[in-house]
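Form predicted alone, single chain, as structure tokens, below.
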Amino acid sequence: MITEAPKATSNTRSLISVIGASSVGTLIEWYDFYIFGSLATVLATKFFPEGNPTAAFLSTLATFAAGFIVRPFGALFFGRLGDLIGRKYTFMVTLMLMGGATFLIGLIPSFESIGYLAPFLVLVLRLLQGLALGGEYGGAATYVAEYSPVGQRGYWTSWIQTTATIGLFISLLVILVTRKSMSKEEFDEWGWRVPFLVSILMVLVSYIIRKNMHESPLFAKAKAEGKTSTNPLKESFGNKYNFKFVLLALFGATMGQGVVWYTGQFYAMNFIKTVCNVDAIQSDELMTVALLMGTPFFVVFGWLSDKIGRKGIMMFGMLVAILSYRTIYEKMYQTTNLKNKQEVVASFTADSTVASDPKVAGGSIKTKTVTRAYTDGTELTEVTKLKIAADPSAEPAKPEIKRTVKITDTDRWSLIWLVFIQVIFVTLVYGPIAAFLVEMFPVKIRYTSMSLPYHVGNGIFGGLLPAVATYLATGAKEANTLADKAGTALPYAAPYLEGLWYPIIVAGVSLAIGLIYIKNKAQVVD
């Protein structure tokens, strides 16, 4: 066992001040990071070529995932800085880097204006966001933990854990307010830029708050005694004993925690919008309510982990998620499945228009809009756009079909409760994990050592989830379409559930490793 400095003492008032300053900055970084995911369906139409909405959406999710992939590199770079020069100054840098990149995304011209330079610039800025976030979280969690009394770290660091979900919550809220303050056409044209541009104000406020913070007491003490590391990377990953705990933290905890987090919040949101076709404003509203209801449980489970240990809570969260995901998502799908509802035949309307294609000389666009209503109050709008070339011999374009379902209050609350259950799973695995990671590594290499497994688990395994799961579900749907055309048996009974195999398998592996190798007590005593 590694043992170190005597325990830190802090009074509650200064601790609240430290947590407040740390949390505000971290919350804003999460807000910046998640605007992109929250607006994925809109960004797909702005920064990628038209003609194949599914490919554009997958490209957007891939760009979104790129930010996650570089997070481990940010963890290494900024983690090393944090262990060399201190926690405070390092996450001041990450805050400004994140805010600047987010602001600039809001200024990039569309694909229509500058072609492939648009997605390239988005990718570069998304990578900078990922690097910044890679350095932020480890610093904030370490900073708060090193101020917290021993025996209360689960409770106090759980406030930092709320910032990721609150950041997503605020991003949805800002988007919702922006959508409601203008027409749908205005939002699609320029309104989507507002949430990106607003972030610069939040970052400046956070910078002012953070600049008055002091260095963590444990790091300051270690520095005064000459006990800080001169080569954190080598001591973290070149030391076999410490590296063993880095791998254990990754494969036994953060890998599973990452996929549970991103399934319960991001995949749920994408599923509701793109598979259930629920109206964008209704989707954002119900996600906002579910996140608001679930967020206090981060603190509940962080506090509980101080009483009964971190391991049992995190492992239980993975287990119930694995066992219930397919049931929950089947229920979500069937709640909005129009085949389960009775149509009011007399309400059917259909309207067709033909207009010139502004992008193709001599071309035209035929738009057919169909509306249907159902006895329970559900409404469907289906818009089919078909581009007609000026040359009659040209190969006909594939029609673009967009369905929007406006659901009833009853169905809305059904979806809210189903998302809320998933958020509870998230709070079980995520509430205690900051304290768990901090207590695995000694002060002098803590920032570096805990940041890497956290960001590989969340950035790689979790961040890839929306793209991988969407790809799996899309592939299953296309396989069914081909089989139907060929007159053969359909290979998938529920193609919309196929994407869930990714989080189920990853969390299952992490659960098995965690149950066997993780101990239910702190590895390091400060």
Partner chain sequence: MNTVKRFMGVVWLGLAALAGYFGLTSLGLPKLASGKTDDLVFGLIIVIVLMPLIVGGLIRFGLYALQGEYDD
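Residue numbers count along the first chain shown, from 1. Here the structure is a predicted model, which is why all the values come from computation and not from measurement.
Just so you know, the form predicted in complex with its partner chain exists too; it's not on screen, but the next bit is about it.
K.L.:
Is I513 one of the residues lying within 4.5 Å of its partner chain in the predicted complex, judged by heavy atom distances?
P.N.:
Taking the distances in the predicted complex, the answer for I513 is yes, it comes within 4.5 Å of its partner chain.
K.L.:
Under a 4.5 Å heavy atom criterion, is L247 part of the interface with its partner chain in the predicted complex?
P.N.:
Yes - in the predicted complex, heavy atoms of L247 and its partner chain come within 4.5 Å of each other.
K.L.:
Test of understanding: in the predicted complex, would A467 fall inside 4.5 Å of its partner chain by heavy atoms?
P.N.:
Flag for A467 set to yes.
K.L.:
With the partner left out of view, is A476 within 4.5 angstroms of its partner chain in the predicted complex by any non-hydrogen atom?
P.N.:
Taking the distances in the predicted complex, the answer for A476 is no, it never comes within 4.5 Å of its partner chain.
K.L.:
Counting only non-hydrogen atoms, which stretch in 236-244, 257-265, 299-307, 116-124 is within 4.5 Å of its partner chain in the predicted complex?
P.N.:
Single hit among the candidates: 236-244.
K.L.:
Flag this candidate site as yes only if I69, F251 and F461 all have a heavy atom within 4.5 Å of its partner chain in the predicted complex; otherwise mark no.
P.N.:
Contact check passed for all of I69, F251 and F461.
K.L.:
Would you kindly say which of V456, V144, A435, V443 lies with a heavy atom within 4.5 Å of its partner chain in the predicted complex?
P.N.:
If I apply the 4.5 Å criterion carefully, the residue I get is V456.
K.L.:
Going by heavy atom distances of 4.5 angstroms or less, which of A40, L500, L27, A56 would be at the interface with its partner chain in the predicted complex?
P.N.:
The residue from A40, L500, L27, A56 that makes the contact is A56.
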